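In the form predicted alone, a lone chain appears below as structure tokens.
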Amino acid sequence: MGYRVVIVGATGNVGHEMLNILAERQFPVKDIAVLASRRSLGTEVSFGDKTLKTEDLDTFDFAGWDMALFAIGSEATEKYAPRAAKAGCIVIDNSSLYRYDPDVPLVVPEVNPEAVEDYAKKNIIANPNCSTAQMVVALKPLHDRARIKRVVVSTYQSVSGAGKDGVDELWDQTKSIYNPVDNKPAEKFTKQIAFNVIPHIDSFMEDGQTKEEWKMVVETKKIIDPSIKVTATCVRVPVFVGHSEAINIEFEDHLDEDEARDILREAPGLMVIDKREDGGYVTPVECVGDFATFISRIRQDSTIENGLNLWCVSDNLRKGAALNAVQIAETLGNRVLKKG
């Protein structure tokens, strides 16, 4: 018993992480295929103690495969995901293409695992935006207790959220600061990212929001509750891996910080490290490679009647992307396919 699994985009950062996490979590894989574009054909990738060669996405036949984890951009996904879904292979998509489609469930397994059962309308399940994924894991158990009215979130998002080019640009610019003859102007980002912060992720919309900020609003509503009001400011920071968020929450009912801390400690997918002393909180460097979403700085907001503040940190390549996709695969297996 086991699943026949396809990784689409196996040579990218998220594809690599998907393979690592499938192996680490001992996902019941019967067969695995790793796909890439023609220019990466034959590239070797690791899966546990195995070395796999990438196959051509253009010519691959998805018939007979149980699920395909997609880690390619929206444009390529639009071409290949329907092909896989039509062949009977359930697509778990990491791009933004299907997140807002009412016929496609948007799933964070700690929050709305039952939604995977709605996959059959299009044979596709969507993975949320990285910044949304970690936030809703923290919000859901608090919402269940005291009903959230409004969320104000400011994000501090690492360059790996922009892919390998973003990581390379931070690395090259940082080195060039110390070598003035080696100028590295902004290419991937709109301004210098080294030793700087940029209040701009994705494209601007007519109302002044960026697309990244809009995603956090609509995805939170779709995953948890459409009545929650959300406003976001998304900022790119010179950190390689790990997204951080300062979250202010207004509730319908009173929830004190001690009870909130206890609730979050018991909630799935969360790790609370919250000591009111030097270093008694988690930073992005410490979350890299971990499955958990970390919560720190839990405290009452005295400026509103029922308010809390908290600090939320997670490895964006894991919970924000690859880990959540694998957790969706696990949930799909346990609830629907039952081959594991």
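A residue's number is simply how far along the shown sequence it sits, counting from 1. Owing to the predicted nature of the structure, the values given are computational and were not obtained by experimental measurement.
If you look for the form predicted together with a small molecule, you will not find it shown, but the lines that follow are about it.
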- Among 190 to 198, 246 to 254, 74 to 82, 136 to 144, mark the stretch whose residues have heavy atoms within 4.5 Å of the small molecule in the predicted complex. 74 to 82
- Query: Which listed residue (229, 86, 121, 164) meets the criterion of a heavy atom within 4.5 Å of the small molecule in the predicted complex?
  - Reply: 164
- Work out which of 283, 37, 296, 300 lies within 4.5 Å of the small molecule in the predicted complex, going by heavy atoms. 37
- Message: So, residue 317 and the small molecule: in the predicted complex, are they within 4.5 Å at any heavy atom pair?
- Response: yes
- Is residue 57 a contact residue for the small molecule in the predicted complex, using a 4.5 Å heavy atom cut-off? yes
- Tell me, yes or no, whether residue 233 is in contact with the small molecule in the predicted complex, where a contact means a heavy atom of each within 4.5 Å. no
- Item | Partner contact for residue 130 in the predicted complex: the small molecule, 4.5 angstroms, heavy atom | yes
